[in-house]
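Quick heads-up: the structure tokens below are two forms of one chain, split into structure 1 and structure 2.
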Structure 1
């Protein structure tokens, strides 16, 4: 979880997550481009790596059905294969009309803060799974793709952490309370063969949102 929640948010959390869509913090927080989490792990098929990007955290069940991906937000998985923290390959995901389109992995035409959708790259797509629907999974060229609401996989006693940082508590409780229990996120999951992202060794990865 990459929370940029302020003291105001902690108070809101104390009131029962009622105002999760109105997180009062800098720039992107709480919006459609707000990344809540990023995962990278070996898939069920050990020849694959799975990347997960989660957006728009702390969605209550009631809010989830009405939450959508933003067509002006490009989600980009960045892969550095030579250890210089500059992306050598990217996988892009962007929604259009109920589908999530994927481009890559491909070397980006330019690295850094600004970019275009790499329409020259291999393109795949998956229908965005609706709330309450069985996950729609698309498979092509060894890749698998999913986009839609999921349970927030993150767990932490964030409320207590805030109290500690704020000076009103001196330590965690045992057991703690998972601040993110019962909440959802908007997830993009893409599984990709290792031989498409470097093959062997270690890669550095990170996820970005870019907006138009």
Structure 2
């Protein structure tokens, strides 16, 4: 099953945190392949790393219950362990029949825009949590996984940002207005032991969505 890159990537350096703005890819905004944010951080267990991909932003509570992951969209977490900005390992997530299936970490069969589901890799799965229900978390071989709707964690005063860019304001208010308050995203979360990733202790990582 081959997939092609559907949206740009977000880069995270050395486990410092970066995230994307919303509404920055108009061609796919709000669609199943639209990445609103990517987070990477050390887990509560210091021996683990957590990766979070949020998709399909600006979901209202009324629309969230009817929103699903697209079975033709592959989400791929890319991990560069040697600093050359080319993925050395990937973790893939793809939904099927109410579950999210995870493959990896594994070396990709090819790098770059094209890819295929790495069915030869270790496979894990978790039932996709329904809106308003208790989160379902799956654990296996030290990995933990979640997939389902979550409250959007991103804070942005979008109106004030527009004023700053337009030259009519000089700075943000404290705390400002949270443009995304009350909206939801579809989240994919995977927690991985660091010893599954290796490398020098500093990694680059980014996430892509690839469409069939």
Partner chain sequence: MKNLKILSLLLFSALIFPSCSNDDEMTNPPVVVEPDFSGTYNLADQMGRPAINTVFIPSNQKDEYNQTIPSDQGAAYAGTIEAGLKALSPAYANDGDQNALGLDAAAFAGVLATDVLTVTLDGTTTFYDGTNVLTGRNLTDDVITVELLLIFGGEDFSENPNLSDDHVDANDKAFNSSFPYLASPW
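Numbering follows the first chain given and starts at 1. Predicted model, so just to flag it, every value in this text is computed and none were measured. We call the rigid core whatever largest set of C-alpha positions still superposes within 1.5 Å between the two forms.
One chain, two forms displayed separately, with the form predicted alone being the second of them, structure 2.
Annotation: Cα of residue 164 displaced by at least 2 Å between structure 1 and structure 2, core superposition.
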